[in-house]
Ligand SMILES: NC(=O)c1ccc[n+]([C@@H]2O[C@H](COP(=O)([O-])OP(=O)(O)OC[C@H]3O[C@@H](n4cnc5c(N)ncnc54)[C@H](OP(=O)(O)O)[C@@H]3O)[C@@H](O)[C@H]2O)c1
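Just one chain is shown here, as structure tokens, and it is the form predicted on its own.
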């Protein structure tokens, strides 16, 4: 069997690192990854060279400008990376006959209501970051209708920086942590997303299903940020790591530069059915995540 060659733009984030870890277990997958130094989303020449060198069947764009608050004062850079970069990438992939999976976010929604956001729902971003990601989605759809944009949210894992690693880091410095209780979403384990992306890539190449457009990759679990933080601290304490009490507070009390959707729920029903996905139970995924973070951050 000819290996499925995947070129992943981005290699330092959670999804990219989880993709590398999962793909390593499959002899039938050949994964090539490049960070900004090898595949800068603002450099069309570098992008095209990376596609050629990898001889990719599928490109996964896991690169992004994701500094949500900083984007409020640096919107031009956010749009250059999150909107114009994906437009150029989609144009290149279509020109060279390469399948494309583009990554996006729940932040394209305003978070109104309590029902999970579906793929056919009209986006209404609240922040510059959200607007830049929505512009990227639209650019990809315009340039390459066969491409898939996979939205994810509240990604956590043992890899890279995540809410898990942040809470553990904060607990090393403070006995009480104020965490918002009115933001609700589906904590989604990065290796589960990686498995979904690999299945999606294989499906696109084999053409067994006509999957294109928007797809939500999200766990069915739902909780508040403060409840998630409480669970992280309990697991960290159980494993001998740092512990802090969690004080639930409102999002408004932080007065952050960028507005966040209070309802970050994404409906993953479509993707779960189409790709035959299963999701790691939250407690099991959290145990792995905390163990991994503690191993690499112990001093």
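Positions refer to the first chain, counted from 1. Predicted model only: the values in this text are computed from it and were never measured.
What comes next is about the form predicted together with the ligand, which is not displayed.
- With the partner omitted here, the residue from 200, 228, 147, 152 that has a non-hydrogen atom within 4.5 angstroms of the ligand in the model of the complex is 152.
- Out of the listed residues 271, 58, 62, 233, 62 is the one that sits within 4.5 Å of the ligand in the model of the complex by at least one heavy atom.
- In plain terms, the part of the chain that comes close to the ligand in the model of the complex, with a heavy atom within 4.5 Å, is 128-136 out of 113-121, 206-214, 128-136, 89-97.
- Within this chain, residue 105 lines the site of the ligand in the model of the complex, having a heavy atom no more than 4.5 Å away.
- In the model of the complex, the ligand sits within 4.5 Å of a heavy atom belonging to residue 66.
- Although the partner is absent here, residue 36 lies within 4.5 Å of the ligand in the model of the complex, judged by heavy atoms.
- By the criterion of a heavy atom within 4.5 Å, residue 289 is excluded from the residues contacting the ligand in the model of the complex.
- Residue 81 is the only one in 67-88 with at least one heavy atom within 4.5 Å of the ligand in the model of the complex.
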